[in-house]
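As structure tokens, one chain now follows by itself in the form predicted on its own.
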Amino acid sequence: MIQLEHITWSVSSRTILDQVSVAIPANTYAVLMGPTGCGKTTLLEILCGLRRATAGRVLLDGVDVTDLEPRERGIGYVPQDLALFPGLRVREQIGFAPKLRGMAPDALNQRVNRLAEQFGIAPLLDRLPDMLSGGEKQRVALARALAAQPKLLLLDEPLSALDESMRAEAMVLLQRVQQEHALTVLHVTHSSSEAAALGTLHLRMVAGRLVVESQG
């Protein structure tokens, strides 16, 4: 479960997030919509620890993680630009987080290979990012986010760079991944059709606050 309690974020005397409070139950696929510049990405960055809130608390499964480093929060994050490491091959991208945590080489290879098979990117394991298509990069970024076995997955407009046919396929993949890994997902999007297809909880950012539009 994600709990945000009175999250506030201000910059240059302007309040972007104003006392944001919400509870997202475990294993929920939540979608967040709102106009450009309203604070959606900022909220994701506060959740995963890349940005510090001006005020408020972040709780995951009842544990206050407000002061924890990103690597200590057990969160997978796919930013809008995917942020693949330019000099690492696909197998190194996927294995980056578990290797950093000291996973043994044999176990690391097994996890990388299993995720590569699941995402249909096994033939790409020795390629660099500039040798991948947009859809392939998106699959690599998702596999990398899941390699550390997070309970929570944050997605910042992950399908925005895909064409319509690829987007439909990617939405099916996201639904399957969420169910198979029993993930709580918070997915930022500007697409109402994407939100309708994926979300079981619909949120909207309005004037710095979160509004629950529908649930179930």
Partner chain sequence: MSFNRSNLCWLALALITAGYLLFWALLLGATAAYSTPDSWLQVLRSPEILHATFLSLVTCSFAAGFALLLAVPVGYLMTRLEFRGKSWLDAALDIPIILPPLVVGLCLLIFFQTKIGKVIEMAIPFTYQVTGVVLAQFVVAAAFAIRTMRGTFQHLSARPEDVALTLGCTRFQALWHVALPAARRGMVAAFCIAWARSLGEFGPILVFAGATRMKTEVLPTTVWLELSVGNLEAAVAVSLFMVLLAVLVLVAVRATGEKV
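This structure is a prediction, so every number in the text was calculated from the model and none was measured. Positions refer to the first chain, counted from 1.
There is another form of this protein, the form predicted in complex with its partner chain, and it is not shown here; the text below is about that form.
Though the partner is left out of this view, P70 does reach within 4.5 Å of its partner chain in the model of the complex, counting heavy atoms only. Although the partner is absent from this view, T41 contacts its partner chain in the model of the complex, with a non-hydrogen atom inside 4.5 angstroms. Put simply, R101 is close to its partner chain in the model of the complex: some heavy atom of it is within 4.5 Å. Put simply, A83 is close to its partner chain in the model of the complex: some heavy atom of it is within 4.5 Å. Contact with its partner chain in the model of the complex, judged by any heavy atom within 4.5 Å, is made by just one of A30, M33, A53, A148: A148. Residue C48 is the only one of L183, M171, C48, L60 with a heavy atom lying within 4.5 Å of its partner chain in the model of the complex. Per the 4.5 Å heavy atom criterion, its partner chain in the model of the complex is contacted by stretch 75 to 83, the sole one of 119 to 127, 104 to 112, 75 to 83, 132 to 140.
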